[in-house]
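Next up: just one chain, as structure tokens, the form predicted on its own.
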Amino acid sequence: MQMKIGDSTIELVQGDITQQDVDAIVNAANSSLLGGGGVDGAIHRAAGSQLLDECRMLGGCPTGSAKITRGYKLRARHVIHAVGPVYRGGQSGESELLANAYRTCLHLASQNNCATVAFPAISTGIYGYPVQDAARIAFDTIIAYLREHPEIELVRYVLYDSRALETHQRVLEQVTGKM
């Protein structure tokens, strides 16, 4: 599925984010940036040990923010490590932290001449954020950013399974339908 937002495109695909041929992939990281499970572990394994070496020099990252590294053995030139919030019922500022993580990723992409960026569904795995709510926050944030930053030509949302893909497609249609 693709949606045009001005001169930019949002694309949803089912697949493996480590295989994306884009300027930057986003890692759903923990605050240490030193690897973990899920997307984070897969990216660290695919990129090789040099990614961990560079991440050690970054000194971690606060929740709701992001940092950028090289991509090493990945097809992507860069990895943007985003630290999303752990979902605690929605009353602890999680939505603002999640939106800020997406904004920071896009800002880092712009600063580093990354015209194409692939995102996972940040915070929806072990961090427990409800997928539909997280997708709405992500798409609202991404669309607002793309309207002001045409240098980002493509945002590809890479989802691991068909259920997540269907949910994200439905939410994207709802969000863009109210534009």
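For clarity, every value in this text was computed on a predicted model and none was experimentally measured. Quick note: we count residues from 1 along the sequence shown, nothing fancier.
The same protein also has a form predicted together with a small molecule, omitted here; what follows describes it.
This chain is displayed alone, yet in the predicted bound form one of L154, I143, A42, I68 has a heavy atom within 4.5 Å of the small molecule; that residue is A42. Proximity to the small molecule in the predicted bound form, taken as a non-hydrogen atom within 4.5 angstroms, holds for one residue of G60, G35, G125, G64, which is G125.
None of 51 to 59, 132 to 140, 145 to 153, 117 to 125 except one has non-hydrogen atoms within 4.5 angstroms of the small molecule in the predicted bound form; the exception is 117 to 125.
Heavy atoms of A28 reach within 4.5 Å of the small molecule in the predicted bound form, making it an interface residue.
At a distance threshold of 4.5 angstroms between non-hydrogen atoms, V158 is in contact with the small molecule in the predicted bound form. Shown alone here, I17 lies within 4.5 Å of the small molecule in the predicted bound form, counting heavy atoms only.
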